[in-house]
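A single chain comes next, written as structure tokens; it is the form predicted on its own.
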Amino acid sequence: MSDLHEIYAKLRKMVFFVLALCALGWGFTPYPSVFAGLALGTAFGFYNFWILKRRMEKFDRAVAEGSQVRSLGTAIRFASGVAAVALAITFAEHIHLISTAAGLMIPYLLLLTERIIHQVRHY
């Protein structure tokens, strides 16, 4: 389980770096709505990853105790993605919808990239 915590800590640092880049892009480029959408999507995507991490810890504890776990929270994560898109639609003049949808995947792309780099370095 400590491996999961290490992965989460690395991902958290990378997501904060991406959010800082989005803030710079929002402030200093002519595309503030695109960077606002990326930031919103990234924040909700990281929230989804946090929910998944928490559910995986519950799942691990339940397996160790021999009890059952109902799910890994797919409905909650799906609803979170819908909420991010709903915010982008509600504030369409300030937040770009497509970049919000793309931002939802950024934490997972960072995770995939980090895991590939980890595999290449250690094997």
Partner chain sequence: MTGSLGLLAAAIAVGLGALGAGIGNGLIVSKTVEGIARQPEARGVLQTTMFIGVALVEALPIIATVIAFIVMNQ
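No experiment lies behind these values; they were computed from the predicted model shown. Numbering follows the first chain given and starts at 1.
What comes next is about the form predicted in complex with the partner chain, which is not displayed.
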Point to revise | Contact test, all of L19, E93 and H96, partner the partner chain in the predicted bound form, heavy atom 4.5 Å | key: no
Check your understanding: Would A43 sit within 4.5 Å of the partner chain in the predicted bound form, counting heavy atoms only?
Key -> no
**Study point:** Partner contact for W26 in the predicted bound form: the partner chain, 4.5 angstroms, heavy atom
**Key:** no
Review point. Looking at the partner-bound form in the predicted bound form, is K10 within 4.5 Å of the partner chain by any heavy atom?
Key: no
Point to revise | is_contact(A36, the partner chain) in the predicted bound form, heavy atom dist at most 4.5 Å | key: no
Check your understanding: Of 35-57, which residues get within 4.5 Å of the partner chain in the predicted bound form if you count heavy atoms?
Key -> N48, F49, L52, K53, M56, E57
